[in-house]
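One chain follows as structure tokens, the form predicted on its own.
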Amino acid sequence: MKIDKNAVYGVYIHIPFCLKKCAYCDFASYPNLLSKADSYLEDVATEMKQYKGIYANSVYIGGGTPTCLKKEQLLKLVDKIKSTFLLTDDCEFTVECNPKTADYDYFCALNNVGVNRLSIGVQSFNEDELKLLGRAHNAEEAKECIQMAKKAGFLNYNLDLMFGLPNQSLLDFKKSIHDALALEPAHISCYSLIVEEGTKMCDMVNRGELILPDEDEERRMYHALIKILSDNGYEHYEISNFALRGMQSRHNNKYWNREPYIGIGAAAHSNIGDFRFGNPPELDLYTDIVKNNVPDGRETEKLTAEDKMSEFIFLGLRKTEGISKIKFKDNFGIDIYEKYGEQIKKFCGLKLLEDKSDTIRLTSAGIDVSNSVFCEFL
């Protein structure tokens, strides 16, 4: 794998520690293991060394919960990132935060070292929903956290929300949206709940203890979300993401635009050149790879031209602006209709795709069944 040192990358750093495991979470996150944080951060610093001198215009420290680290630990990591990568002057530098794990002093410290964006995992402003999700914070703590972040100088922050929760009504969800808007976020990411196998919530659903909203009710929530945010000046620029003008997430756009990115830490994935590879989620296996240079420890895939074309389609169609037919031909040397004409004609006929000028994009009805559309381009 050859790293192009002239390219500009996105950088993702995974912090796998958290205060508690949420009922819906199947991410690589581990509660009650903060005693391992120092040694883990040493491994991250070691893995990072191979990318010394690489240009980056977005950095995202995610998890888990990065702010459950001691302030000094996270500041040391930020310093290591800045001394390893050549960050552009306009670099978007994001840190994920749980409302329970950071205060005004913590936010001031992050702001002072160049972190310029926060992503705050609120999920809901409804107390019953927060308890059901197993979140560590309550609604008032979420609001206080955001006010402290603003006081510390953060104007660019994202709020995460969820819908399609057990026992959630349309009215409940609308109230959470309005509570979020009252806090003036620059960006809102809002996802429907996916009940993953092996989670506490999945067990409760399987036992009949929780009842999920039906598909029609979930769609009503999603359409209400789009309308309310649009009426309040937010651009719906990706299926699950909304931003005020000029405040789209540069880092997330790198994924949807198939731009190169580097993932560091347990469970982190990278996309470099023709290769995509990922570290194992288990902390001991990750340590073996970094410290002991364990061969074949990473999951590695060499992307074919077919892989790249299908990714261009289904990742690009996640964006509401859609995909460019000219860019497809420039990238792959083939007309998009020659490769996918049958699928495009089918979904335009079903009014799930719109084909105008240089652009192909999902219609509103297409967004509702986007996964079904994407599958036919794989």
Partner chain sequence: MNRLDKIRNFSIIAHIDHGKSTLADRLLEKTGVLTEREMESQVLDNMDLERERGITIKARAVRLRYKASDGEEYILNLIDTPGHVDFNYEVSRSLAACEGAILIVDAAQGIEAQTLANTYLALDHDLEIMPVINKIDLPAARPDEVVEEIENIIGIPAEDAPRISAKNGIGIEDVLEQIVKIIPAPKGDENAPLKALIFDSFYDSYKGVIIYFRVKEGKVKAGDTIHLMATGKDFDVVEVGYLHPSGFLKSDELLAGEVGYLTASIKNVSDTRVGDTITLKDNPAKEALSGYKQVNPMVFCGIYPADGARYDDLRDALAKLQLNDAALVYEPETSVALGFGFRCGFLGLLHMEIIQERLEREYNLDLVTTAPSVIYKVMKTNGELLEISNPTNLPDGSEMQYMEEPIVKADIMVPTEFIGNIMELCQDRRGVYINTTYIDSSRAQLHYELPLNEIIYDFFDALKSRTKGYASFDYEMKGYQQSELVKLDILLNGDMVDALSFIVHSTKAYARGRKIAEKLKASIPRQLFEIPIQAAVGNKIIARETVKAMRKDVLAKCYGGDITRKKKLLEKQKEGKKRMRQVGSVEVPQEAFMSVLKLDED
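Bear in mind the structure is a predicted one, so any value in this text is a computation, not a measurement. Residue numbers count along the first chain shown, from 1.
Keep in mind that the form predicted in complex with its partner chain is not shown, yet the notes after this line are about it.
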item	value
Partner proximity in the model of the complex: residue 237 to its partner chain, non-hydrogen atom cutoff 4.5 Å	no
Distance check, residue 359 to its partner chain in the model of the complex, heavy atom within 4.5 Å	no
Exercise: residue 192 in contact with its partner chain in the model of the complex, heavy atom 4.5 Å	yes
Partner contact for residue 368 in the model of the complex: its partner chain, 4.5 angstroms, heavy atom	yes
Its partner chain in the model of the complex: contacting segment from 109-117, 75-83, 126-134, 213-221, heavy atom within 4.5 Å	213-221
Contact residue in the model of the complex, chosen from 307, 282, 103, 184 - any heavy atom within 4.5 Å of its partner chain	307
Selected contact from 227, 291, 269, 298, since only one has a non-hydrogen atom within 4.5 angstroms of its partner chain in the model of the complex	269
Residues within stretch 345-378 having a non-hydrogen atom within 4.5 Å of its partner chain in the model of the complex	347, 350, 352, 367, 368, 369, 370, 371, 372, 374, 375, 376, 378
